[in-house]
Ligand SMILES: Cc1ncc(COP(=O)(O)O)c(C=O)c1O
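What follows is one chain in structure tokens, specifically the form predicted alone.
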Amino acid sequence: MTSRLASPEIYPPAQRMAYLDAASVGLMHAGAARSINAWQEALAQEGTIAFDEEAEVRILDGLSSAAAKLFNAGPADIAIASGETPLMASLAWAVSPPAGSCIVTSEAAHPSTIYPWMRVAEATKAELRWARGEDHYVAPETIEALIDERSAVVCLSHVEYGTGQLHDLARFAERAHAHGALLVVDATQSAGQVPIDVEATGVDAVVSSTYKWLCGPFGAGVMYLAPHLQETSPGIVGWRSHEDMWDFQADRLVYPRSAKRFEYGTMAYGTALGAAEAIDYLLDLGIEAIASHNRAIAEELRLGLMDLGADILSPRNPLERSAILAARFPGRDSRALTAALEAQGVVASLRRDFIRFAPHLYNDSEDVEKALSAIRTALVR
């Protein structure tokens, strides 16, 4: 039996439902939600009295520090924006792989991971190389085979959103660097559920939103940039891009000598406060401890689903598994089964023709049994 890792009052909805859907939207840290609301209310009531120019300079510091600890980096290596997509887009334009080069990725990637690179390739005439797989799984060897001397970028999701396939970042960084390519990683489905160590793995960039496994809000994103990329010109620039953001002068732009040059403009700043608090809580628990807890819960669920006759689409190799578990039942409608789960207070997601489960630190063995019981009942109808 596996108990909850998180204190129940931190994620209140987990006390009234079996929420197995962190891969869609993680339950938000209650303190994070209060921080966001308090900042917004103070701004609404007092304007710049509550939020002056110095406060706006420092507002992202807490999230920068938390993200740096999360990735084993320094705060100067971190850029903050309103989500993963603008950061990935800015990086893609900054790199701009030229004609004659190629960008290697996987067909299993989430669209937000690769669309920015597709748009840049459209402009520069770089080639997109797609690693193809079977039944939602792309073998690492298939991806590696596409990386050669023409490769400029290898862009992967650390954990694939559909089946939870976990990629070995050190392996792909080594392969990419051997051919002079960058490894760019979307960690939206991994940050908060599995450890990420940029120093140990050698990745060049990691980008993530905060509203899934980090249990933070919509409207905030973080990016780690290796030092050698911190001299590139961002693809998206704004008033915060200048080294002294309050020195308004439109005829010059001097970038900070850090990843902060990718922080381009005003955002819903309160989300950064909430995201910092959410991540700090996870860090206090320990990402390794969270990963161990999540693996145990996911394994209980996997074995139970198999006993009910499920076809498990998530990787067979334990080293390639995360807490995301994809399953379907031959001859049964996954949409109907997902609806049956919800009717019994079990939240999971329908993805393509399968059900995607994503347990996190606020789940326990009772949630697993509740999900299995709901499916068992639905299958006999």
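Residue indices: 1-based, along the sequence shown. Since this is a predicted model, take the numbers as computed values, not measurements.
Not pictured, yet referred to below: the form predicted together with the ligand.
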Per contact check vs the ligand in the predicted complex (non-hydrogen atom within 4.5 angstroms), the hit among 243 to 251, 207 to 215, 279 to 287, 97 to 105 is 207 to 215
Would Asn294 count as touching the ligand in the predicted complex under a 4.5 Å heavy atom rule?
no
Does at least one non-hydrogen atom of Pro140 fall within 4.5 angstroms of the ligand in the predicted complex?
no
Touches the ligand in the predicted complex: Asp186 (any heavy atom, 4.5 Å)
yes
Contact flag, His110 vs the ligand in the predicted complex, heavy atom cut 4.5 Å
yes
Could you spot which one of Tyr161, Phe172, Phe71, Trp117 gets a heavy atom to within 4.5 Å of the ligand in the predicted complex?
Tyr161
Among Gly235, Pro256, Pro75, Gly83, which has at least one heavy atom within 4.5 Å of the ligand in the predicted complex?
Gly83
